[in-house]
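The chain below stands alone and is given as structure tokens, in the form predicted on its own.
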Amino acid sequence: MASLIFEALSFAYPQAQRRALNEVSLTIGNGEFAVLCGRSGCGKSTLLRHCKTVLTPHGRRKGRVLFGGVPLDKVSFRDQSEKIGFVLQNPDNQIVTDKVWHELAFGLESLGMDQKTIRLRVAEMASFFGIQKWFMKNVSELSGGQKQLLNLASIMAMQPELLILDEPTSQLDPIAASEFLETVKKINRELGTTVLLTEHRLEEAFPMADRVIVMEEGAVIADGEPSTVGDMLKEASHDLFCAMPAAMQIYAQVDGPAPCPLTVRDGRRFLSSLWPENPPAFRRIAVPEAEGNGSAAVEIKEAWFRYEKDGADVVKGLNLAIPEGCFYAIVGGNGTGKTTTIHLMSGILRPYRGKIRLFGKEIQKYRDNELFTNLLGVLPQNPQALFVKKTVRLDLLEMLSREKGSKEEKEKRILEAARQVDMEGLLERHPYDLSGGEQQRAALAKVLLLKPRILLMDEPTKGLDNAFKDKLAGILNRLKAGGTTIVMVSHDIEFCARYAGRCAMFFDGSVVTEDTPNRFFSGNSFYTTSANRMSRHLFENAVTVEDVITLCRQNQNQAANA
């Protein structure tokens, strides 16, 4: 029996010329684990929002959605709340109470269930999800990963038949994201709950899926088992193939035996099969020297910070010197103090002890108009914090309100910024009608209009597809070539390994180590790339897919010429 059916569903947002959904027809089977993927703005989130009446966006719509064989608009709000669970991208947008135990009970109380049933289900979910240790905590004390797990547990307490998740790991560190997705798979496997998941990070979600659905420009372009869809994208030379798991990308570029590997374990076996007897001759990749050895653009000396007078320190004796013109990436777990440090660098927060200097001058000695005029640009974790107008164009124009120049000159700058981030066709859209990835790009365009000498970014690749990540890297490289210093906090290990100049590990309120990406990721077990985990038994310092492919080809060419 089908759990969810989309029948020729088309949809366009108000004043939009192009459809966000274009004749989408899909059937999601009962108990199926389906992964929906595609570029930012392809229609994934819009499609998911049509699965629940209260989330359905306003606009022009044709076609229909059926749940359990019944048109969705005929299913009562109570049944939708109970039977269709929805986990949003940002965990803070879904939490409604102050205590963990109350959040677990909230949905059940709203459905009018009796106290005995509520207590039983809450206890069961707390045990299943391992929430007992923080059961009585305030929600504000939880890390991002714990909040997202709490959202999932609160929904599962209502025993839904269909679980929908829209980029649920986008704000989680690699370890928390892996644990979260494993929990979702466990729910599907042990409870038989139908799962429909959208993800840009496909490394772990892809092998879990029974089925992968690929969307482009509002339409479905591929649908099938993971390996089949991978083959289809490869044969079509589709740019989304670069988002496939590392094992698949390496397999596609290196001559070797079938079948196509999907996981790190399968990838290790595949690489081992290439050299069954003797180890490969070429084991190291050539790496560039560390970038940015000049004077410090950002300098932090013995900084300490806590949010409450009697609270615990979040930043503890932090010492950091970031050279001018460097692309500096900071990784680490949720709740370790990374975002707080970005806020200290921007002057939003002040340490109660220690000094912060920008280009040798203490940050508090800058006036606000000095600090944010061609000196400092900040891209926050939540891009919606930057939107204050009714259209993207007006939001961009707002950044130039204090600058001199004609209307035509300002319009030219707006179009150039929009062109840089692939937003030319979305200038008349309301920022809140954009997808998560499109909002991130619009926020980046606003920040770029400031022409900052120091660019601070908190999770800039959140919600972005791989194709635009490459474009973002190009933008950042041009800024760096022009002398801009870039500081990025990120959970996107693959992006940091490929494009950063230096990487640092944040733990317990301070930086514990930093190095070039190659040396940094070569020695880690979990905070490293899939390509490195897959190849470290053969190669000493390969950290990207390109590194592994290069070394494989060098060794195969040598064997062929011997």
Partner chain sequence: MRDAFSRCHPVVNFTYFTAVLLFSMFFMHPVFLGISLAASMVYAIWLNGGRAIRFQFLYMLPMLLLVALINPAFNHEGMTILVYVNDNPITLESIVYGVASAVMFVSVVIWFSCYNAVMTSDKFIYLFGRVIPALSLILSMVLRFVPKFKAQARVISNAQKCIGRDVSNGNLWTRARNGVKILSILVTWALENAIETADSMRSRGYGLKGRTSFSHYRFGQRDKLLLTTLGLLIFCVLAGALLQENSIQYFPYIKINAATARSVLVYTAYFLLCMLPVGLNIWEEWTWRRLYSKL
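Positions refer to the first chain, counted from 1. Everything quoted here is computed from the prediction, not taken from an experiment.
The same protein also has a form predicted together with its partner chain, omitted here; what follows describes it.
Screening 484 to 492, 321 to 329, 378 to 386, 415 to 423 for residues having heavy atoms within 4.5 Å of its partner chain in the model of the complex returns a single hit, 378 to 386. Out of the listed residues Leu108, Leu271, Met248, Met457, Leu108 is the one that sits within 4.5 Å of its partner chain in the model of the complex by at least one heavy atom. Exactly one listed residue, out of Leu427, Met399, Ala252, Leu181, brings a non-hydrogen atom to within 4.5 Å of its partner chain in the model of the complex: Met399.
Using a 4.5 angstroms threshold between heavy atoms, Trp101 counts as touching its partner chain in the model of the complex. Proximity of Asp210 to its partner chain in the model of the complex: non-hydrogen atoms within 4.5 Å are absent; the residue sits far from the partner.
Residue contact check for Gln115: one or more of its heavy atoms lie within 4.5 Å of its partner chain in the model of the complex.
Under a 4.5 angstroms non-hydrogen atom cutoff, its partner chain in the model of the complex has Arg119 among its neighbouring residues. Although the partner is absent from the chain shown here, Val139, Ile348 and Phe372 each have a heavy atom within 4.5 Å of its partner chain in the model of the complex. If you take 54 to 79 and check each residue for a heavy atom within 4.5 Å of its partner chain in the model of the complex, you get Val54, Leu55, Phe77, Arg78, in sequence order.
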